[in-house]
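One chain comes next, on its own, written as structure tokens: the form predicted alone.
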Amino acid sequence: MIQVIANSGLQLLVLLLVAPLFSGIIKTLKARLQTRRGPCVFQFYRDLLKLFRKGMVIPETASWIFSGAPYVYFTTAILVGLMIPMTTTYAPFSLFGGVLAVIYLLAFGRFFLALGGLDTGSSFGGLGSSREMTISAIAEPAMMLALFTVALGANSTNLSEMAGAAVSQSWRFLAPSQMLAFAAVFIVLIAETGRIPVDNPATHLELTMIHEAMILEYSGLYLALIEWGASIRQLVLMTLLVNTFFPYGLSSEQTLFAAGMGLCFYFAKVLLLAVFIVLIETTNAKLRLFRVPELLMVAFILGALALISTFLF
């Protein structure tokens, strides 16, 4: 029992403390590939501390939705992170839901953030919220189909049972259906985290921004919670991708040694995925807005093909 609690506490600490680090690593690697010096990998922590110390400017037209959206966005990211196996096949909140709960909680947080962008009556907020909902309407079904492909192999939608089956049958993840599902989830990861070619997190141009448009009116504590929650959501989706399709390093034993070894494998896998994301961002340009649904439809088709091929073969 003590080991289970320790593993759960370790996973919570990783979500809270390590998520900003990987955001900083991605920014630094991207800058270096573009022959720029770029920020320090720990700059995200400094930005969060600065935002926590700053005051807030709240629009006069804002209601309780504007104030509650950052807390809902941050809390849902934490809950989803605790539902996904990270260092071992055990997830602290695995009994409270599986694949559908993860997708619905991510959608719930996004929905409240979009409401917060609409609540102020700002034209930029409405623009970003409508674009975010358009993207999510295609991205969520694509991720659902891809994850159901893996769930069929485990005969369960519980992520802990899926991880356990993946460890015992790692050969299944060389199948074409799993590769198609991996490609679909990776495209969804790019879209959900607002990265190139879907969105550009480093710009505030009206014609390109999506996520940034929703949070333009936020400042201080609220903005810190949103930025922190966004980094946690990014790490959660990366964790879901690497531990679902590449379960190497996961152990079914609830011991400190197994958790430590799993943590080392986990960091290595997420770091490799971060490098791959940076390469994709650096070698591609931002898509025009009306071309983004076409990219997400590719993810949906890949997920559907993966699910169909699982039934057929």
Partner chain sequence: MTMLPLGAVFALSLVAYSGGAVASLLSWREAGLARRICCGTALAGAILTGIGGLLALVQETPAAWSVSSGIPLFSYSFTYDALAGFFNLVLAILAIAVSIYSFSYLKEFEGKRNIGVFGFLFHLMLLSLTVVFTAANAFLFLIGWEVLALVAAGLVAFYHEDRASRRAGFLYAVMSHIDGGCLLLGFALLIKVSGSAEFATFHNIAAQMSSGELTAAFLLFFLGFGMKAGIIPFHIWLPAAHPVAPSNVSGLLSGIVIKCGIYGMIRIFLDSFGVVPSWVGLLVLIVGVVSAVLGVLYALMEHDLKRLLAYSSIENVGIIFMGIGAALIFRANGHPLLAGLALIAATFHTLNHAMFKCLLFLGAGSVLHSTGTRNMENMGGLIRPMPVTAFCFLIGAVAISGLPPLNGFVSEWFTYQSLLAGYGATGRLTRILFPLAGSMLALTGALAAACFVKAFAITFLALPRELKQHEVHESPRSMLVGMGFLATACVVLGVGATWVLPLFDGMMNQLLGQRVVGHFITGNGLVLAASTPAGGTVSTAVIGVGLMVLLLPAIFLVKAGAKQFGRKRGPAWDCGLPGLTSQNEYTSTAFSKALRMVFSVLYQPRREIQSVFDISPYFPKEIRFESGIEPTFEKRLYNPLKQLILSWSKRMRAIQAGSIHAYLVYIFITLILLLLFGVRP
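Numbering follows the first chain given and starts at 1. Model, not experiment: these values are computed from the prediction.
Just so you know, the form predicted in complex with the partner chain exists too; it's not on screen, but the next bit is about it.
**Q** Judged by heavy atoms and a 4.5 Å cut-off, are Phe44, Asn200 and Thr283 together in contact with the partner chain in the predicted bound form?
**A** No residue of the spot touches the partner chain in the predicted bound form.
**Q** How about Pro293: is it within 4.5 Å of the partner chain in the predicted bound form, going by heavy atoms?
**A** Contact check for Pro293: yes, within 4.5 Å of the partner chain in the predicted bound form.
**Q** Is there any non-hydrogen atom of Phe148 lying within 4.5 Å of the partner chain in the predicted bound form?
**A** It does: once the partner chain is placed as it appears in the predicted bound form, Phe148 has a heavy atom within 4.5 Å of it.
**Q** Residue-level contact is defined here as any heavy atom of the residue lying within 4.5 Å of the partner chain in the predicted bound form; does Ser8 satisfy this criterion?
**A** Heavy-atom contact with the partner chain at 4.5 Å: absent for Ser8.
**Q** Even though the partner isn't displayed, in the predicted bound form is Pro39 close enough to the partner chain, meaning a heavy atom within 4.5 Å?
**A** The answer is no: Pro39 has no heavy atom within 4.5 Å of the partner chain.
**Q** Counting only non-hydrogen atoms, which stretch in 245-253, 49-57, 27-35, 270-278 is within 4.5 Å of the partner chain in the predicted bound form?
**A** Only one stretch qualifies here: 49-57.
**Q** Which of these residues, Leu241, Ala165, Ile196, Ala107, gets a heavy atom within 4.5 Å of the partner chain in the predicted bound form?
**A** Comparing distances to the partner chain in the predicted bound form, the residue within 4.5 Å is Ala107.
**Q** Only one of Ala175, Leu118, Leu189, Ala183 gets a heavy atom within 4.5 Å of the partner chain in the predicted bound form. Which one?
**A** The residue in contact is Leu118.
**Q** Go through 117-139 residue by residue and record those having a heavy atom within 4.5 Å of the partner chain in the predicted bound form; state none if no residue qualifies.
**A** Leu118, Asp119, Thr120, Gly121, Ser122, Ser123, Phe124, Gly126, Leu127, Ser129, Ser130, Met133, Thr134, Ser136, Ala137, Ile138 sit within 4.5 Å of the partner.
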